[in-house]
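Form predicted alone, single chain, as structure tokens, below.
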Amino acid sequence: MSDFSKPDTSMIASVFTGKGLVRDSLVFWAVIAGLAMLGAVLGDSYVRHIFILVFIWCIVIASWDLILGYAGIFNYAQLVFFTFGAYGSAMLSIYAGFTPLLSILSAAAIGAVIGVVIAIPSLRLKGEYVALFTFAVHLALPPLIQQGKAIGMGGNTGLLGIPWLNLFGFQVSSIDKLTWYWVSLFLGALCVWLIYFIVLRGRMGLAFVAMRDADTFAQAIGVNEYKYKLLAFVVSAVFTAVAGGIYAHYTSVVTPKILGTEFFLMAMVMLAIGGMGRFPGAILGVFLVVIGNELLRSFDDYRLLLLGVVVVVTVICLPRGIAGLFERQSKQP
């Protein structure tokens, strides 16, 4: 006689059960090993610099994909988390004497606090009103930073002379592109792996997808909407703030320009081209947009216009991004 008191999970074939996690993780880290070897082969420092930016952007976009693509929350304050992480890590290094690694770890705590601060009023709103509120926070932050010179934020010129990364007593300057390539690759890969393979494949990820696809039904079966939406803000902010800390110690300078239109537009283009909520779509979008943006440098002001055209064409022709194209091909007999 079958035991009806226990649910039959033998037929469940979902990533949320951990199915294929080891195999997919091995493939992921094999790709990272290939990128690590590519760094040694690349002889041009400028090309290595582009890849370092790609690896940092991967953390930001994966974090944004978590809250926007998987949890379905229209949060447009992602670069606010990045800015607080960058400024927080820089100020702790300059004024409090923290080591760069400790400052980057502390940036995660700063990100968590900012995530809660922005989440609490956002969770009282719905849909597009969350987008309006979070974008208003994004727009309000640059003037506040420019007025923050009295508290050590550097004003319009930002913070200069941020200490270099120190690894086992060895200082890694911004000129040492090969070491920075490997450091940013490892930290970026670790954050992306934690987001897509640990957080989003666990109970939290299942709750995010349930809220995104069937909000009312998810609450009916016991998903605590407030708790999981708050967690989405905090987790996303923590990883993005870490990316900000890495960026600050790589460039040795942080200014309010990181909240400018160009950075925001580029982040939107990465998600639109790659495809939200479809790993590895957003990550592929980062590689395409950052490298494509550098190739379009010679077009000056027309570069942003071209990026905007790319977004419009992508939304019309590929509403699910590049990842959606792969899904369509995999479903064909």
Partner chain sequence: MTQIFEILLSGITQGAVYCLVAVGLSLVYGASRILNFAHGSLYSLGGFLAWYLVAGGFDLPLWMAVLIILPVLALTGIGIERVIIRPLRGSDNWKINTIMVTLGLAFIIENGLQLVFGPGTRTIAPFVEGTLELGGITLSWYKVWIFAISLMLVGALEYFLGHTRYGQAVRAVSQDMQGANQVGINVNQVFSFTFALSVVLTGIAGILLAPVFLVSPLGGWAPFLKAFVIVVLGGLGSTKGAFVAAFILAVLEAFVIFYIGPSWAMPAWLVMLIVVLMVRPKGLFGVWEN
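These figures come from a predicted structure and were not determined experimentally. Numbering follows the first chain given and starts at 1.
Missing here is the form predicted in complex with the partner chain; even so, the following discussion is about that form.
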{"item": "Contact assignment for the partner chain in the model of the complex, among 47, 268, 36, 288, heavy atom within 4.5 Å", "value": "268"}
{"item": "Residue stretch of 280-288, 297-305, 25-33, 50-58 approaching the partner chain in the model of the complex, non-hydrogen atom distance within 4.5 Å", "value": "297-305"}
{"item": "Distance check, residue 129 to the partner chain in the model of the complex, heavy atom within 4.5 Å", "value": "yes"}
{"item": "is_contact(residue 102, the partner chain) in the model of the complex, heavy atom dist at most 4.5 Å", "value": "no"}
{"item": "Contact flag, residue 135 vs the partner chain in the model of the complex, heavy atom cut 4.5 Å", "value": "yes"}
{"item": "Residue 76, heavy atom within 4.5 angstroms of the partner chain in the model of the complex", "value": "yes"}
{"item": "Residues 143, 272 and 319 all lining the partner chain in the model of the complex, heavy atom within 4.5 Å", "value": "yes"}
{"item": "Residues of stretch 111-128 in contact with the partner chain in the model of the complex (4.5 Å, non-hydrogen atom)", "value": "120, 121, 124, 125, 126, 128"}
